[in-house]
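To begin, one chain is listed below as structure tokens, in the form predicted alone.
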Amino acid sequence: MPGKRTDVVVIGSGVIGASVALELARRGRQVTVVDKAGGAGHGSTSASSAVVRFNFSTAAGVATAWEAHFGWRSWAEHLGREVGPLARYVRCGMAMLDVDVAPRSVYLPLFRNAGIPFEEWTSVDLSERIPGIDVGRYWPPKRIDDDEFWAETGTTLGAVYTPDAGYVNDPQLAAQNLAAAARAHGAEFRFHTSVRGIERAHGRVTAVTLADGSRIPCGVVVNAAGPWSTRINELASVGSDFTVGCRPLRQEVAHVAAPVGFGADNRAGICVADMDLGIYLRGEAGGGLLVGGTEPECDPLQWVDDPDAVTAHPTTAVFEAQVTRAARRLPALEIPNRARGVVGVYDVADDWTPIYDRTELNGFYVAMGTSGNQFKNAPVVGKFLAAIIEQTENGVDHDERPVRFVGEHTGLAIDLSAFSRKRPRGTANSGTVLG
């Protein structure tokens, strides 16, 4: 649309970038979204397991996830526009199995403060609620070629069950829904469009230049480029005051058939967060089962230098490790002899906590380091960035006076300094891409 005025350029049209675009467009900003991919949600978002959980070890993490889940549960109302077929929230509940590194005592007080319903299960409860599950305690996670992996155990574990947890059935469609709603508010999306540079003058961003030589003059840029976000920061010459870095991480999620009885009446079974064995399980209606890893110390992390060079095919070694661990927990699970699943690349922060913030370049903002675990928070992250941008552009220093965001569904106040680029590097964090 040549000649159209642009206030804000959002770089990246994944579920986070599309959410930011929607919230800014709702507030009357003229928004242009650029993405090198062919459509909204075609990058990291499309590989997400889209789990919605609340088990974080910080007040801000718990409150954000709880607030965001109401957006998923009332998705049409959240979008506010007729956008065609909708992604759907599946409320199947989650059982967080006991593990010493994330004891109940850490997050249950946060659940109580936020008003999140939960049930504390013994090993007997766990056996009854998830038929066929092995309730043995095997910590720490081990490689499947380690003889200790197969050792019997004399101890058992229980779980904390959150009935409101679940998953979004089509993560790519969710991003497309957000993009369509943003368009209805006037936002423009340009796909197959790569960013070549960020122009500045007098300490402020002035334009985004594209690979085809064209430029988009603007006063605000939001970097929501996922695993390419650090590269975009380099183009803008920002990041000198960041205390937390981000790196692209390759991840695999295995797809297998769920064991008989895992989900009753053709419905998805309960999600299982199993850090004891180093995996998570997410059922699907119709009998499918997704198996992902929780980054146990025994498994090397697959850091990558170039996200564009990552192979999209699952590997036999990772598939067998994840599914064999799942079969340890669900002994009736059959292990296929052929790897099947999805591969994604996530933008992982040093402390696994996202950065939603301004930068040292006036007008340049970031929604990065989402670490694979922020899909669940997309309905509220756009509002976070809109609030930070509005306050900062009105002359209030977000570093000195961080935004306190109040959730419209929960009434919970969230101090957005928890997501600052300058925060002390966290130790109490999710530590996993789960969800």
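The first residue of the sequence shown is number 1, and the count goes up from there. As the structure is a prediction and not an experimental result, all values here were calculated from the model.
What comes next is about the form predicted in complex with a small molecule, which is not displayed.
With the partner omitted here, the residue from 389, 47, 403, 62 that has a non-hydrogen atom within 4.5 angstroms of the small molecule in the model of the complex is 47. Of the candidates 398, 27, 36, 409, 36 is the one whose heavy atoms come within 4.5 Å of the small molecule in the model of the complex; the others do not. Of the candidate stretches 149 to 157, 191 to 199, 214 to 222, 112 to 120, only 191 to 199 has residues whose heavy atoms lie within 4.5 Å of the small molecule in the model of the complex. Residue 365 falls outside the set of residues with a heavy atom inside 4.5 Å of the small molecule in the model of the complex. The small molecule is not shown here, and in the model of the complex it never comes within 4.5 Å of any heavy atom of residue 22. Remark: residue 373 counts among the residues lining the small molecule in the model of the complex, judged by a heavy atom distance of 4.5 Å or less. For residue 379, no non-hydrogen atom is located within 4.5 Å of the small molecule in the model of the complex, even though that partner is not displayed.
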